[in-house]
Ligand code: BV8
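Okay, here we've got a single chain as structure tokens, the form predicted alone, with questions on binding and movement later.
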């Protein structure tokens, strides 16, 4: 059981040089989302999609974890087994920073999936040449990335962890859209203390006990430094969750 569950989004990796998923113009790395992040786009032009993700994989390998990734990893080291990171990002910067428990809800650039046998496997090479699946031999490998219209990974496990957590933090994403919004609501209903650390807040932050605005490399190290190993207070399953009034916002 994780004492602290942290949901991270594109904002935490942006400061490592990885561009956010959807820019203001609706493009991702100068491509239409529909062309490179949907099953239909892949079916229409697999070569384009493979080339796109091969480049993203190389860019992710060249990027380095930043102070926010390292702060979460240091918290994990101080509280072994107590911190679970659920990331919407497909890079491996959390793992390379040293975090030991990471769930990639949208898949990973460092993984491939065979459409023939369904096997998921670690993968660091390009997929553009349509290499054979090591498991079944079919030339049916695709990026192990969740595209629009596909089911996200490990949602039941994530919901279970959030429902049992004592704290739930949202970092580098607004928390206003699914699945973030539903996870925040679940955490609040379960009585967990909730926090949003992001460049900006959305219109309704009533479910957050605390909102801290600013770049992740500044806010996350300061925020995690306040967390110390303290004895876990037993939770009373029959107790009502704490009331949430006006949310404090700091910058």
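Numbering follows the first chain given and starts at 1. Remember, it's a predicted structure, so these values are computed and weren't measured experimentally.
What comes next is about the form predicted together with the ligand, which is not displayed.
Put simply, of 176, 163, 117, 121 only one has a heavy atom within 4.5 Å of the ligand in the predicted bound form, and it is 176. Only one of 83, 86, 90, 112 comes within 4.5 Å of the ligand in the predicted bound form through a heavy atom, and that residue is 90. Heavy atoms within 4.5 Å of the ligand in the predicted bound form are found in one stretch of 151-159, 71-79, 124-132, 96-104, which is 151-159. None of the heavy atoms of residue 221 is located within 4.5 Å of the ligand in the predicted bound form. Taking the partner from elsewhere, residue 141 is found to have every heavy atom lying beyond 4.5 Å of the ligand in the predicted bound form.
With a 4.5 Å cutoff on heavy atoms, residue 216 counts as touching the ligand in the predicted bound form. The closest non-hydrogen atom of residue 50 lies beyond 4.5 Å of the ligand in the predicted bound form.
In the predicted bound form, the CA atoms of residue 181 and residue 106 come closer by at least 3 angstroms compared with the shown structure. Inter-residue distance, residue 166 to residue 176 (Cα): increased by at least 3 Å in the predicted bound form versus the depicted form.
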